[in-house]
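Included below are structure tokens for two forms of one protein chain, each presented in isolation as structure 1 and structure 2.
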Structure 1
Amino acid sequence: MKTLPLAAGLLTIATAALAETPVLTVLTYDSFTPEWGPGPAIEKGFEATCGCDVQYVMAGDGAAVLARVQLEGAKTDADVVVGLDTNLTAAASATGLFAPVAVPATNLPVPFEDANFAPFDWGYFAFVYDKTKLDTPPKSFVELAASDLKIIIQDPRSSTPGLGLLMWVKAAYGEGAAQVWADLADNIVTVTPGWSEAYGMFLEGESDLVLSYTTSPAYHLIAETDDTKAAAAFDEGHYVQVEVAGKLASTDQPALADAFLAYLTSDAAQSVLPVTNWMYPAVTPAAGLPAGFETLIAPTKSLLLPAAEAEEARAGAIAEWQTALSR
């Protein structure tokens, strides 16, 4: 009978210890957290340094993450947001929900200045194709539109790649963007809510090309020993996506949030990103990039609208896209 009070006491101690473990809630996009994504390794690595419990909350793609932040406002349970990009940061800052953060030195191919967000990786948008099925890929949006090739893209209202495509066309063609979309409309097989659905359909043979990244073929080469996928190099240049993380001003764990953001650009975390998120790290790891990345196309022209310009252009660009697809 004496064991019962002892067991109860130990349970109380364990429960108290668990309750004292600080929790850091990270709001992010769906593909960040699976076992094949960067989330688990980053969680394990940071927890080993912080004595805390990292808990991820998923909210679809990057644009859906922002929508959730806007909906929940200061009442959100999130401490950190991971996965917005520079096409969304102006809108995010305008909410007043983000606190200033330390921005590390990076090796981005474009200038980055934003006191509220820290970049953690980046990549070039591109159309990916199968070399065994397509001998001569298009070299521009004009060539793509003039062809009978079928493409799958993502919805710019819910997906950061989808929005990135609109900004790519806008940065390359300006006032001519509406005509480009009108010409591309009959090439589009379908529009998916996010990247995962679109890429999966492409792999199942439902299109000739899919909107993705120049780094996507590295996944197939490194993880699957498959060199059949490639990214089409476009003469207009390629739009850069810079993924960022930010701290919510309402967080009750400000020090932990700052430490997590710092960890994201540490060598340990940056080494994980190329072979889990399949993007370029914001800070090149000491060991360099994995073998296979040297085979990727290297765009000669980097396109990126400043955050404020991207926000100003967003509504009009979406309207142009919707008009073209509804005809």
Structure 2
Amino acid sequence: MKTLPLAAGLLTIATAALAETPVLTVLTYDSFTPEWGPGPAIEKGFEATCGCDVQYVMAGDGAAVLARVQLEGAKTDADVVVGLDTNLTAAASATGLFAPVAVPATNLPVPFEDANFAPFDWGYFAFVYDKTKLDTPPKSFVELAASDLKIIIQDPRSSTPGLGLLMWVKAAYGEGAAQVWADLADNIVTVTPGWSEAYGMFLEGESDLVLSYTTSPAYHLIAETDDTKAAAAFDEGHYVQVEVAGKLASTDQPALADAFLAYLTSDAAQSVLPVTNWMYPAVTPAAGLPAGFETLIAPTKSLLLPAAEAEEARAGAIAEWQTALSR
């Protein structure tokens, strides 16, 4: 009989103690938070200074994160959203659920302007191949289409890189995109729902090239000391994926949210990203990029459709792609 009030008392104290520590809820994609992702280090680093508790909530990939925000609406518990990309920001802004943030100075290869979102890393889409199996990689979409090389790509309707490729072709060829797709059709072995299936099948030898990032070879080099993978440099230029973070207008921790976004582009966080997210940091850390990144191709031309334009072009581009590949 005595233990019950005691336990209740302890519980009250515990709850009170908990209540004193504000909680910052970060909605992000799946690959951000595992032990091998950037999440744990960033959580630890930020918690050391903020006197708060960072809690991650995960939802698939970037598109799933946005769908989640839309599902939850203004009632969301999330304070910060990490991991949308430039193909999604227009739709995200249109929901009216995001608040303006301080956009940090970055060294992105393309101009980036969006009052609601702060970039934290970026990468170039590219076709990755195995140097031991392919001596002369294609130097453009045209060359690729003319060859009998086999490629695996992702579905733009279910995957971020898939959508990125669609925009890449659109940005490079505009009206001519449909023809490029028609020419590429016989090179495409299959279209996967997500990046991981495509990349896994490529590693198993199902194709000569796979749609991924210019930074992908860095993973094999640094984590597996395997230098056989490389990205094919395309003359048309490479489409850029910028990953951004935003603050929800409904947050009950606006100051903490701002602090977290600032931390995300700090030197500490930025130096974690290249070897966890395998992307370029939005702000090059003082210590520079990790050894191995210098071996990656450096595209001379960077492509990126402005968010509004990308959003507008999306439905038409998907239909175009579908028609070309359904023949």
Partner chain sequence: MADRAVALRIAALGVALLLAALTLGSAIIVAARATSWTLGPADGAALRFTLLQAALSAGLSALLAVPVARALMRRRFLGRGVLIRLMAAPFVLPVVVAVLGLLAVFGRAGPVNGALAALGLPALSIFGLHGVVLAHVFLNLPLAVRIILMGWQAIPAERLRLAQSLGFSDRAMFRHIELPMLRAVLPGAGAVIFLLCLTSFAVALTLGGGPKSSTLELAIFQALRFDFDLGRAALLAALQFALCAAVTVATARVASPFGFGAGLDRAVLPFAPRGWRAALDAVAIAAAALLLLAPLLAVVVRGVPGLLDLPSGVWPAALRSVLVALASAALAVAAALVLALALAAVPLGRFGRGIEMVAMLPLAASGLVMGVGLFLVIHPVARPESLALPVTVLVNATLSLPYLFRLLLPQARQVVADYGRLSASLGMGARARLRWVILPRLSRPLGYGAGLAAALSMGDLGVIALFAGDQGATLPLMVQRLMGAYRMEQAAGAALLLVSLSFGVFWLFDRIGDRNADA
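Just so it is clear, the model here is predicted, and its values are computed rather than measured. Take the two forms, superpose them, and find the largest set of C-alpha atoms that agree within 1.5 Å; that set is the rigid core. Counting starts at 1 and follows the sequence of structure 1.
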*Go through 1 and 2 and tell me the one that is the form predicted alone.*
1
*So one rigid chunk twists against the other between the two structures - which of Q241, K170, G162, A63 is right at the hinge?*
Q241
*Since the chain moves as two rigid parts, how big is the smaller part's turn between the two structures, in degrees?*
12
*V189: how big is its Cα shift between the two structures, in Å, with the core superposed?*
4.0
